[in-house]
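A lone chain, given as structure tokens: the form predicted on its own.
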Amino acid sequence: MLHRTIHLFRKELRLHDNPVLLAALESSAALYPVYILDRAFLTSSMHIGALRWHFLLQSLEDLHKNLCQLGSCLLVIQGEYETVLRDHIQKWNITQVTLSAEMEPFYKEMEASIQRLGAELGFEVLSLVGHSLYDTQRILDLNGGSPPLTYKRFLHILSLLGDPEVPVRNLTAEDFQRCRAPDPDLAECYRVPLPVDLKISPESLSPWRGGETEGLQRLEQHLTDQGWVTSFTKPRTIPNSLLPSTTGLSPYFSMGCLSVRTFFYRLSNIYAQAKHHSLPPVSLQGQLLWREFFYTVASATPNFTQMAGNPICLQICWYKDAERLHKWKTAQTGFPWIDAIMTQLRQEGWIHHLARHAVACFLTRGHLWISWEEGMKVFEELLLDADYSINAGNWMWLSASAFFHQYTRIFCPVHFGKRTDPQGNYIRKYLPILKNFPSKYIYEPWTASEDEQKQAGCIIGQDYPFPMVNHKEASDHNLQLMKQVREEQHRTAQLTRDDADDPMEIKVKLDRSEENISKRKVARMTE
């Protein structure tokens, strides 16, 4: 007997490589593609801000358009998850609910509540892994039930597992023709809302437009340059280039508009035809494996997104300073490199991974000694590619609370950006108040004379703030604090320490050397 199925889209907002949607089509006589827009859940659990709302709504509109081309449609139903399901399961005589399995606690809880509802109302629930390369549970099982806490150990477990499953076939109009589609009037009743319907500001400056169609186009553009693909090395990308020097695909992976398995195997095909290519962890495939590493650790680590009760995270007495946190968040630190990054983040919802390194280090162990949890919340709100596991994992990393152990390396908020953009073009773009300063002052405008400041049309302390801290004094002080913490909590610090060369140490070597990079390891921020 074929099912009457509600297929729930959550993060897999695509039709390509969607294994559970394919299974739903093959087992159903009628299929209702549904996205439940639970505003309270999206605000409280996922903390999405205005730019991400725009990206989500664009992705839903694109998904609806692509479903229509295959003879179906997307039904966007607003309301609380369980209430919406209970109502429509009875209204549509549903016998099956299908959805993609996710690893975040709030998604796991949601799936468990759907399972309980199924037991109560008599419908089946089918969930399959589609958002990650591997089923993280298989990795945990091979590692004795616990997550591998170092990248080296993680790669060893993957070597035992073998390659990820290949992407499932593309869906066709014939697949949907075998199932009864929702009545056309339902599509009008449950249309994708506009930003104004949700009282979200209609303005969006982000160059990233949401949706599977846009994501696939960007993917193809990158893969046409096979030389760039095979030679890609993460540490050699530029943090303050005016266009992304990395793929810029991360928002599409985060929302599930692009399949990571599709990207992985497309890369494998290109690598197979090349004489030489970069290797993990610095290669493009290596970036996907870093994503998988954080997914795996997060899936089995209690309280992964907070310090308290998190067994792999150093317990640090961070300062609580709302005023300083606000200055950092609103690009008022007085350090143009830091403020330009935070401005780009707020305007566009994306910044380069090394730019993320710089502002995260500044907030935490480098200068302000404010908790990584506060920075994680800001990124969660502002980043288009915000991701439960990667965001928290990288903030622990960059604050040296876990994973990263070369804590003596602190990014200078003046000289770091100057290395790759000595003219300060990035700062001039995102902080136009400083655009008329000569290049020698653009990273530290407070060193210009009063006459030079007047000539530039910007008086420091009046039109743009003085630096909120003294770089050397603050970083030296915090270095001693971190040294003491790590000595007192040596056992915790060692949990995530790899025996191999430290990734950040090797990044420095890469900056100075033209040697073969294929064997070197480097820290990364998934973007």
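Residues carry their position along the shown sequence, with the first being 1. Bear in mind that the values here come from a model prediction, so they are computed numbers and not experimental data.
The form predicted in complex with the DNA exists for this protein as well; it is not shown, and the discussion that follows is about that form.
Among residues of the shown chain, Arg486 is one whose heavy atoms approach the DNA to within 4.5 Å in the predicted complex.
Of the heavy atoms in Trp290, some are within 4.5 Å of the DNA in the predicted complex. For the chain shown alone, Leu128 is not a contact residue for the DNA in the predicted complex, no non-hydrogen atom being within 4.5 angstroms. Using a 4.5 Å cutoff between non-hydrogen atoms, Glu473 does not count as a contact of the DNA in the predicted complex. By the 4.5 Å heavy atom rule, the three marked residues Tyr151, His357 and Tyr407 all count as contacting the DNA in the predicted complex.
Residues with any non-hydrogen atom within 4.5 angstroms of the DNA in the predicted complex fall in just one of 187 to 195, 266 to 274, 397 to 405, 321 to 329: 397 to 405.
Site annotation in the predicted complex: the residue of His415, Lys429, Lys440, Arg180 reaching within 4.5 Å of the DNA with a heavy atom is His415.
Of the residues Gly210, Gly349, Gly375, Pro281, just one reaches the DNA in the predicted complex with a heavy atom at 4.5 Å or closer; this is Pro281. Interface residues of 460 to 480, taken as those with a heavy atom within 4.5 Å of the DNA in the predicted complex (partner not displayed): Asp476, Leu479, Gln480, in sequence order.
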